[in-house]
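There is one chain below, alone, in structure tokens, taken in the form predicted alone.
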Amino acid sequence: MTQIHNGQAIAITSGKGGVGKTNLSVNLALSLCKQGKKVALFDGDLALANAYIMMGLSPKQTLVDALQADLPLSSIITEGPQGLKLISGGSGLNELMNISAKTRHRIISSFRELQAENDYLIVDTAAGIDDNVLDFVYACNRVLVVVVGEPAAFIDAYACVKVLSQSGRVNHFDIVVNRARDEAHGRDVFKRFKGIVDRFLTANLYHVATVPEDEKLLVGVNNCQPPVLSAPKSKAAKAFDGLATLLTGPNATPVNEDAAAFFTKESAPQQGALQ
């Protein structure tokens, strides 16, 4: 099955809310843009979208407008910093809560039009492992799982990896340890998490980044200024930039080549619109 041409669709997930998925999504996307990559960010937390807030943006149109008026995605893109293209869901909109499988597949197939214009698509998933989350993750060829060193987060991240790996559609998982005290703490958290996964599951886990606790990150969130732009020398910004460099370089971890991609010819929408 055809994957995104000359690039990747990257799902960022965790199974649990409040672990920093959106921060990672926004900052990774901007780091890739800083490297000269063409990047689109899809806020896959459809009913509680907040990626736009972290960049201080005000989308004039959201996915709801595209679905209701059969608009092409290009007409609802919000231009972000560094040329980032944001496709925003809604916030508290009933139309995007508990959407049908048919609607999800309409959304997924509609990303075909981004193939010719972007190197990377970042998908910031919602919390949990419901059908919305799973379908968006399955549509990507790279899966980043955010883990923090807390028991509840471990349990939820493990459940996420379990469901995805046992489906047979995801074999490789990039693990980002967030809110670590330092690199050593990040390595320890990854080692403990991988030990649990290896004991019960068959999945390949790779420790691709440790994002340390950083006051600059908190300040950036409060001021709607991502640290990769507002504080590029901060520990958090360096971690995000390092992750972007790893994923685009010769030492990048494997992707899930058999994943069902966003960009399949069979599901391409007609004339760039949502069908």
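In this text, residue numbers run from 1 along the sequence as written. If you're wondering where the values come from, they're calculated on a predicted model, not measured in any experiment.
Just so you know, the form predicted together with a small molecule exists too; it's not on screen, but the next bit is about it.
Visitor: Are all three residues Gly17, Leu218 and Val221 in contact with the small molecule in the model of the complex, where contact means a non-hydrogen atom within 4.5 Å?
Guide: Looking in the model of the complex, the three residues Gly17, Leu218 and Val221 all sit within 4.5 Å of the small molecule (heavy atoms).
Visitor: Any of the heavy atoms of Pro59 lying within 4.5 Å of the small molecule in the model of the complex?
Guide: It does not: once the small molecule is placed as it appears in the model of the complex, Pro59 has no heavy atom within 4.5 Å of it.
Visitor: Answer with yes or no whether Asp241 is in contact with the small molecule in the model of the complex, where contact means some heavy atom within 4.5 Å.
Guide: Taking the distances in the model of the complex, the answer for Asp241 is no, it never comes within 4.5 Å of the small molecule.
Visitor: Using the partner position in the model of the complex, report whether Ser110 sits within 4.5 Å of the small molecule, counting heavy atoms only.
Guide: Ser110 lies outside the contact set for the small molecule.
Visitor: Answer yes if any heavy atom of Val211 is within 4.5 Å of a heavy atom of the small molecule in the model of the complex; otherwise answer no.
Guide: Result yes; Val211 sits at the interface with the small molecule in the model of the complex.
Visitor: So the small molecule isn't shown here. In the model of the complex, which residue out of Asn178, Asn141, Asn132, Ser88 has a non-hydrogen atom within 4.5 Å of it?
Guide: Here the answer is residue option Asn178.
Visitor: Give me the residue from Met54, Ala231, Leu246, Leu67 that has a heavy atom within 4.5 Å of the small molecule in the model of the complex.
Guide: Among Met54, Ala231, Leu246, Leu67, a heavy atom within 4.5 Å of the small molecule in the model of the complex occurs only for Met54.
Visitor: Pick from 159-167, 77-85, 196-204, 178-186: which stretch has non-hydrogen atoms within 4.5 Å of the small molecule in the model of the complex?
Guide: So the stretch in question is 178-186.
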